[in-house]
Every structure is written in structure tokens, then in C-alpha cells.
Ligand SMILES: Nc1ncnc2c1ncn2[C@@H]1O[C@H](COP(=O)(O)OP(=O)(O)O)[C@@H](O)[C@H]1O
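A single chain, nothing else alongside it, follows as C-alpha cells in the form predicted alone.
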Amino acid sequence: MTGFDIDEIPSALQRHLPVGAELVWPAQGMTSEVALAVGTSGTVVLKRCTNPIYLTWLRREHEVLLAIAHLGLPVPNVIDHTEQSGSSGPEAWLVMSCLPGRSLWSAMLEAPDGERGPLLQRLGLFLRALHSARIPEALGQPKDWISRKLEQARANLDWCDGDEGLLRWLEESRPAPVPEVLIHGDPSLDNVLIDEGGVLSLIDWSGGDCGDPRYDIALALRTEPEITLGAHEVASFHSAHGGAPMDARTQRWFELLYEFS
């Protein structure tokens, strides 16, 4: 990502910038350019997407955040959203509140032996609250989540990391369905923030949906090769989440499904 200058921010969004705003560039993924506009009156998050593949993702994140805004979850507040024709084609912009904290991934990497378990316990409790929240009517879908994800995976074959052979295996070995809940859709530890008081929050909501909780769990626990979780650490997560651990084959199925996202 190359970033953008303040004068490239659409005029409709300029009014949301704090006084004396300067752009700060945090570590970020590959789907959008993400900047913090930091000024004397506060900080907001700006996201711009110019890649045609991901334009719908930013639009979806906007829709999901609006749908869950009333649930009391620790998520960003939408400030504004716009789409326009930019110098290189269509682009989408999203302005959100800035949540405190650093990534849980960095906290896990730095945690001394014996302290990862409590962090995973916090994460398990956090996802339990998310998965117990009421599903907003706007996120309801007529078709089950796994079927929709497999259809999406086939549509993504031209550009994603998965291939035809893997997709056929996923289609032929799909796990038995479970009751669907409100999910984040990508609670990897980079998307979980932890503040100085240990309070967790979630960013990057383009995958938010009425879906299979096992997908969230599989992605939340996917830490190798950088971090190898011990059995007691994984157990602390599942105990806090309240559900029985998945068998290894099912967990791997959901991990591989992510290759098509």
C-alpha cells in the first residue's frame, strides 16, 4: 500500500478530520490503505480501497458496523462512508472512531511463558459474548453460511490463495452444520486489540455475518509458526468460550476455507 495524502481525502469527509490532523500509518493488511488522522481534538481512522476486488469488502464493513452499532460491542463507530471516482478508478472511503490498544498478536508475541493462557482466556470470553449477541435482522441470510462461503470461494478462484483441488475437497468434506451466530469472520489476533486495562475490541469487520462460530474459533487460534500454543493454553480458550474443542480435521477445514478469502 502506498498511502494517500490529506488533500486526497474526499471533501465530504474532510469535516471529520480532527484539528491539525496529520496522518500516521499503522501496520495494515493488503485490502485497504489505513491511516490514523491524529490531531489536537482527537483521532479518527481512515480507510481507502482502490482495488476492485476489495471495494465490496469496505462497503460490507460499513454495512456490518451500522448493523451491530446498537449491540454494545467494543467495535469502531462509523463516522462516514463515501464512494467516488478517483484518479485510478472507483474508490471507497470509510471513516471510523479509533479504538485504544495494540494488537493481541503483538501482546502474545511478547508475553512471557505462562501469560499466554490468560490472554487466550480473555479472547475466549470475548468471542463468547460476540457469539451470544443477537443477530441483527440486516445480517440475516436465506442460505446457510457454509454454502454461501463455498459459493464465494468458487467465485474467488481467479485471485485467491486456494485452488480448484482444495475447493473440491472442501466441498466434499464439509462439516455438519451447527446453529449460526453473529460472527466476526476474521478474528485473527491482528484484528483483536487489547488496551492497557486488558479490555479487548475488534476491528476489520468486512466478514461480519450470521455464520458458523467454528470459523471464528479456528482463525483466532491460528498462530503457527510464530507461536505454538500449548494444550493448556488452548484449553483455557475453550473453557472461557464455553464450547467443546473442535476435532483437528474440522478445525483444519475452517482454516483452509480461509485460503479463499
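Here the structure is a predicted model, which is why all the values come from computation and not from measurement. All residue numbers are counted from 1 along the displayed sequence.
One more form of this protein, predicted in complex with the ligand, exists but is not displayed; see below.
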The ligand isn't shown here, but in the predicted complex, which of 41-49, 66-74, 209-217, 224-232 has heavy atoms within 4.5 Å of it? 41-49
Triplet V178, G242 and T250 all within 4.5 Å of the ligand in the predicted complex via a heavy atom: no
Tell me, which of C160, L99, A129, I79 has a heavy atom within 4.5 angstroms of the ligand in the predicted complex? L99
Taking any heavy atom pair closer than or equal to 4.5 Å as contact, tell me whether I194 reaches the ligand in the predicted complex. no
The ligand contact in the predicted complex: A27, any heavy atom under 4.5 Å: yes
Taking the ligand as it sits in the predicted complex, is V34 in contact with it (heavy atom to heavy atom, 4.5 Å or less)? yes
Please check if D190 has a heavy atom lying within 4.5 Å of any heavy atom of the ligand in the predicted complex. yes
